[in-house]
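Just the one chain here, laid out as structure tokens, in the form predicted alone.
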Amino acid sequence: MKKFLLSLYMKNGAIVIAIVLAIIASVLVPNFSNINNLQTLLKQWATPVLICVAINFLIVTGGIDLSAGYLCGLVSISCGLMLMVYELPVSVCLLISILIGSLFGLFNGCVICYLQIPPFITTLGSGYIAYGLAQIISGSRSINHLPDAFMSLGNTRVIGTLPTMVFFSAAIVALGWFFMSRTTYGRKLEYIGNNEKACLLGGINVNRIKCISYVQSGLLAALAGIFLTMRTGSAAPTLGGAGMPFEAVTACVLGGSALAGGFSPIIGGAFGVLILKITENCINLLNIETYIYDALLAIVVFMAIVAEVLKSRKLQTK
């Protein structure tokens, strides 16, 4: 039994932690198991999990995208302007918003792969570009009272239970798991993360594969920006920010991702986001200062980095 439980934890650690944490919170935290609170919890999960899926596809190659949060703000305000100022159809606004995110992802991928600029520097710089553009085109103002046709896309309840954005996010997680685990593309990403030089010698077009992963990241960041706008009911240049990719990286770490690359489970990352949202929800219900949540994120990432360094040193000494 002990070996079985240990094996279950090693393979599905984030799932086990999320379930145990939810049970403890149901018993100890007032109103946690209230149906309205659980629905709110899942709505809060729906947006960052998209960024987490995007980061998963980059971490597995040893990359990162720090621009995703700022891109959410650019997509949000762009969508709001197209809807309210230029009065474009909702479908056109959504397509252009997704195109904006994809182009930013393509820019990141090309700079990283063909100019050999480190992902950390490239995506941090492009993130500030996105933030600056969002502030310029909006005049640092938010846009409220968005059309009902737009708002209903993400907030319409399915069978009277959860908003459509929750089901859509769950579908994106399932699709991400399929591509990572059941396709040649996913296996190539893992090969690149484990040994990029060997992939080059083996004839794999590493730059093209990595560029595609950054385009995916931009696309999913755009979707996250759209969902965040639907959830808050306001298009704002400050939505997302630097905290969103940091939270996504933390969730990936909790889900079992190796920051050095080579392994990054999609389902684990999705449950990692759920762990963080349960923790944040409990902190709010208990009226504890929110900065404690930020400190917890920092501690988790710091411990993961230390573990990666110790692991690499151990491998080098063998």
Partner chain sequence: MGSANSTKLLEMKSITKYIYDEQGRGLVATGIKILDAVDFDLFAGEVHVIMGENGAGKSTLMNVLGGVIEPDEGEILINGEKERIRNTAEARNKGIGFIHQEMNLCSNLDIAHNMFLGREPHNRLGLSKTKKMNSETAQMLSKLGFNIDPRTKLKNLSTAMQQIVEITKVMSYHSKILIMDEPTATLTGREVDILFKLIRDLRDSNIGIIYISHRMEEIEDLGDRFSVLRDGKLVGVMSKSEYSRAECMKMMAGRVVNLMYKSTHVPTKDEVFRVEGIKIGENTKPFDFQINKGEVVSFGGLVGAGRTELAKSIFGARQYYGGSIFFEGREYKKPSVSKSIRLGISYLTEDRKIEGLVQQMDIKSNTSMCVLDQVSPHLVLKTRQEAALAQNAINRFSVVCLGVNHRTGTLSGGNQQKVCLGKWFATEPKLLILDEPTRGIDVNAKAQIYEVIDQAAKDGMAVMVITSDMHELIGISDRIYIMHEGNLVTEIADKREMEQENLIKYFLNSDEACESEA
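Positions refer to the first chain, counted from 1. Here the structure is a predicted model, which means the values were calculated and not measured.
There is another form of this protein, the form predicted in complex with its partner chain, and it is not shown here; the text below is about that form.
The stretch among 189-197, 96-104, 67-75, 168-176 whose residues place heavy atoms within 4.5 Å of its partner chain in the predicted bound form is 189-197. Distance criterion of 4.5 Å from any heavy atom to its partner chain in the predicted bound form singles out S181 from the list N207, T232, S181, T238. At least one heavy atom of L201 is located within 4.5 Å of its partner chain in the predicted bound form. Annotation for 73-104: no interface residues with its partner chain in the predicted bound form [heavy atom within 4.5 Å].
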